[in-house]
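Okay, here we've got a single chain as structure tokens, the form predicted on its own, with questions on binding and movement later.
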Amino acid sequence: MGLWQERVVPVLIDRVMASGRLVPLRHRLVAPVRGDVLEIGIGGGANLPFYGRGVRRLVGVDPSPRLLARAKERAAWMPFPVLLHEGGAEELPFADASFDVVVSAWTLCSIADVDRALAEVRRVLRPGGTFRFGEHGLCGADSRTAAWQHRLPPLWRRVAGGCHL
């Protein structure tokens, strides 16, 4: 992994993902969750301020050590335990039926094997558990924007930590 991917990309991702424009979406995504929660792609912990007191414990997984270090700083004041693990969503190191809720916020776009990651989400969710996710997709309202979404991925993936538009 080069200097760009190791040092620059995590800082860019953290800044963009902590953007004020995403605050209402983050709040709506995570505020209602309760119980034992797993967040895949926790990144720098931008969702942490929006989790409510109904959370018993939060476990976060992310492949970036730099982003996990930022999440650790943000988690220091949380009123419930926050445990952070380095790794990807395609192979979660947790027992079957371990979580009441799994959260993914703008993460699925950067996972190489989404089908495998979703199978892992299903495996670690308790019966009746919930998968809450926020994601972006192809722009259907503007064909010019959609055309750029098809042109940019080779460059965009390098700049945005593997994100596929």
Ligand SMILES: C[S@@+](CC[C@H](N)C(=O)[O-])C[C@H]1O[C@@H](n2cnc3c(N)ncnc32)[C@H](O)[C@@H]1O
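Computed from a predicted structure; not experimentally measured. Don't overthink the numbering: it's just position in the shown sequence, from 1.
The discussion below concerns the form predicted together with this ligand, not included here.
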### Proximity of Pro63 to this ligand in the predicted complex, heavy atoms at 4.5 Å
yes
### Query
Closest heavy atom of Glu90 to this ligand in the predicted complex, within 4.5 Å or not?
yes
### Query
Going by a heavy atom distance of 4.5 Å, is Val102 a contact of this ligand in the predicted complex?
no
### Task
With heavy atoms only and a cut-off of 4.5 Å, decide whether Val59 touches this ligand in the predicted complex.
no
### Message
To test your reading of this chain, name the stretch in 108-116, 51-59, 123-131, 94-102 whose heavy atoms come within 4.5 Å of this ligand in the predicted complex.
### Response
108-116
### Query
Using a 4.5 Å cut-off on heavy atoms, what residues in 24-42 are near this ligand in the predicted complex?
Arg26, Glu39, Gly41, Ile42
